[in-house]
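Shown below, as structure tokens, is a lone chain in the form predicted on its own; questions about how it binds or moves come after it.
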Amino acid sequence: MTATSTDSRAPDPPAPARSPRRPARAGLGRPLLGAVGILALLGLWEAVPRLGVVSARYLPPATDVLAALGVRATTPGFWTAVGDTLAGWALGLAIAFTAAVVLGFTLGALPRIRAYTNSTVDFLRPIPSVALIPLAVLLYGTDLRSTLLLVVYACFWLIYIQVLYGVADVDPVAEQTARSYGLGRLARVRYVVWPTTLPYLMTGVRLAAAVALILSITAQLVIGSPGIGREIAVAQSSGAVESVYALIVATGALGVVINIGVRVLERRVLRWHTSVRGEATA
């Protein structure tokens, strides 16, 4: 009876065959979805003032703003402002990167000195960069250095903390193995500490790149240093509402370009890392 009941059991249904992944189509889907999202946002923006939900005096239709942006893009002053903004962004990020890497690796390798500096770091790190605007104006006026002061201060902590995390995450077994093979300090940094720290460092750079642009625009808007932020303030004071929105759109486009550039750099630098290889095969 037992054998009969066992034989009468319905066989398990065959597992559905999995369709092979199509990375090419998946790769095209993301930009397509992003483009659809932007078109939907522009459509909503166009409809809101046209339907009278918000007065066009305060929120011009998207087509008028894009037309104003097109006119501005043909003027040399617009590209000069873009260049000034990118100069403040790039210089500030480069200075912060260099200082954070040097100091992070140095203090990361010296735990006792790092312990002495922890309280100072905890005190300085939460201070927002915008709180330094009066100091920047007193020191440098409306010069580019005012923008650099704010950008460097904010970006330094983002990268520095990530470097400390990376140095602290070094596998002690790998460190001891390198020592047993007779690798010197510089060689251990090159082959053990640096590969472990690099993913943390790139995370800090990616975060700092966005913050650097935000603070660069903020400094130009508040302090009046050259750049897109000052152009926004001038357009606002002259009542050119469409130009204000056009410059804001230009700032957003600049942020997208910077983010894409940093992502490409991250994939290139970390092409050996499992996170990037997994993303590429997904």
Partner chain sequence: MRRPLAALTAGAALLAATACGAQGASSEEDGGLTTLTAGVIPIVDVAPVYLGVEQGIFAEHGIDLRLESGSGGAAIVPGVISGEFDLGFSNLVSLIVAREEGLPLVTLSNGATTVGEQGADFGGVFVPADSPVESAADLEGATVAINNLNNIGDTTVRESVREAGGDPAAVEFLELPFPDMPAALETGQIDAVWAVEPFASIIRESGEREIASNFVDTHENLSVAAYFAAEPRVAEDPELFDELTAALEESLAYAEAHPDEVRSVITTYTEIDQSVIEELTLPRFPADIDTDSVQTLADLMVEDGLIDSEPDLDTLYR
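Treat the numbers as computed from the prediction; the structure is a model and nothing was measured. Numbering follows the first chain given and starts at 1.
Below, we refer to the form predicted in complex with the partner chain, which is not included among the displayed structures.
Trainee: So in the model of the complex, is the partner chain close enough to Gly70 to count as touching (4.5 Å, heavy atoms)?
Mentor: Judged by the heavy-atom cut-off of 4.5 Å, Gly70 is well away from the partner chain in the model of the complex.
Trainee: Residue-level question: is Val137 within 4.5 Å of the partner chain in the model of the complex, judged on heavy atoms?
Mentor: Output for Val137 is yes: heavy atoms within 4.5 Å of the partner chain.
Trainee: So in the model of the complex, is the partner chain close enough to Ser238 to count as touching (4.5 Å, heavy atoms)?
Mentor: Yes, Ser238 is a contact residue.
Trainee: Even though the partner chain is not shown here, does Gln176 get within 4.5 Å of it in the model of the complex, heavy atoms only?
Mentor: The answer is no: Gln176 has no heavy atom within 4.5 Å of the partner chain.
Trainee: I have Ile113, Leu221 and Val234 flagged as a candidate spot, so tell me whether each of them has a non-hydrogen atom within 4.5 Å of the partner chain in the model of the complex.
Mentor: Looking in the model of the complex, the three residues Ile113, Leu221 and Val234 all sit within 4.5 Å of the partner chain (heavy atoms).
Trainee: Since the chain is shown here on its own, which stretch among 252 to 260, 41 to 49, 209 to 217, 56 to 64 would lie within 4.5 Å of the partner chain in the model of the complex, judged by heavy atoms?
Mentor: This holds for exactly one stretch, 56 to 64.
Trainee: Let me know the one among Met202, Leu107, Leu158, Val170 whose heavy atoms come within 4.5 Å of the partner chain in the model of the complex, would you?
Mentor: Exactly one listed residue reaches within 4.5 Å, namely Leu107.
Trainee: Here the chain is shown alone; which of Gly141, Pro126, Gly182, Pro76 has a heavy atom within 4.5 Å of the partner chain in the model of the complex?
Mentor: Contact residue from the list: Gly141.
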